[in-house]
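Read the single chain below, which is given as structure tokens and is the form predicted on its own.
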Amino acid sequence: MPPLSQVIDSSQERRRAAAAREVHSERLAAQLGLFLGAAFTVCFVTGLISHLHQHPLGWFPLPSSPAGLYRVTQGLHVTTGLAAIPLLLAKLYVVSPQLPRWPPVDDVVDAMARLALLPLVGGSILLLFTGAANIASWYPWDFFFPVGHWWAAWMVMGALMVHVSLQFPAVKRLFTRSDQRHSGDVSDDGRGLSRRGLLGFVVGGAGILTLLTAGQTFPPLRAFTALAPRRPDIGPQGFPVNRTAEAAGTEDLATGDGYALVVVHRDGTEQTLDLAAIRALEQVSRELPIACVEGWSASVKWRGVPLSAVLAAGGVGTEEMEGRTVKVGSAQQRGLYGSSLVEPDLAGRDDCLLALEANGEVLHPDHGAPVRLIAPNRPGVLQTKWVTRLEVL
């Protein structure tokens, strides 16, 4: 009869092996895959919406209302992207014992499934890393983030569709068989991390990460924004700044001395308005959100002149404006997004403003003084600051 210590060691080894089989089971991998697939789908759809805002298709116009729609979609995009990070790490851990094997493939279908893992896993890591770095305004790469993120998203979703279609029969079998118990259940004493324990830990971790970041978009959770890159209530006049007047090279513009707004007609003729002429126009007040692609958003009380009224003061008639897009140009000397396009249905709205004030104060230089664009349901990068040119296209 073996010594008692050897029996105990053997029993502990069996428990550890059982726990390892439990956390590396196909069923747990499938469960994590469902959560991860749902998160990636939400990210892809909301990311597509963001891309279409910045690169509109003439045949597929996006609505200009409700005013806070982009605030919701982009907030979901960033929140689900962050929540997907622990889900992906857990998924890779669970399937890791199955990755190195010999022979590497069993048949043609298995070969296709394993080949699809290359763009799926690699692209997922690239997407989540670059996305997290982007919201922290950290760019340790040479490519243009929106373009790289866009094409990586299509690659990942294509690989995900191939992966799901090939794995669907096996996943369906796992979730529909009558006997849900399978080999690899932990031993009765519960030692080791069980399948349910790991799943609860990962889903709970993703939930906590969401709780600690979603407040940058969802005001009721604002007190919990411990991990959010930005608090949306901190900054000049009560909301954040992404690009300062110094960074844009527009410090001298803020005083309004010598300020001129050039209105360019369709035939190329120009008319200039000074700041006093703009301020003399009838002003309106509107509460509109400003929502950044990095995920934060804030509701701000704006006061200014409708874009259509400024164009009219610049000699642009109703017939000339009908069905026309307006290009809004900035005085910024450095950086991207020096102009944006305002579609015809938006340009005529009374809540599409050239703002002069924010939250009851004259516009701060870092928020685009003396004049900035603010309109409903648009990304912050398209809410052009330091406006000096309006062109009817």
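The first residue of the sequence shown is number 1, and the count goes up from there. Only a predicted model underlies this, so the values are computations on that prediction, with no experimental measurement involved.
In what follows, reference is made to the form predicted in complex with a small molecule, a form of this protein that is not presented.
Partner contact region in the predicted bound form: 288 to 296, out of 200 to 208, 274 to 282, 103 to 111, 288 to 296, criterion any non-hydrogen atom within 4.5 Å of the small molecule. Although the partner is absent here, A90 is not a contact residue: none of its heavy atoms lies within 4.5 angstroms of the small molecule in the predicted bound form. Although the partner is absent from this view, W150 contacts the small molecule in the predicted bound form, with a non-hydrogen atom inside 4.5 angstroms. When the small molecule is considered in the predicted bound form, G131 lines it closely, a heavy atom lying within 4.5 Å.
In the predicted bound form, Q74 approaches the small molecule with a heavy atom inside 4.5 Å. Of the listed positions (L32, C43, A355, A347), a single one reaches within 4.5 angstroms of the small molecule by any non-hydrogen atom in the predicted bound form, namely C43. This chain is displayed alone, yet in the predicted bound form one of T325, Q54, S64, N359 has a heavy atom within 4.5 Å of the small molecule; that residue is Q54.
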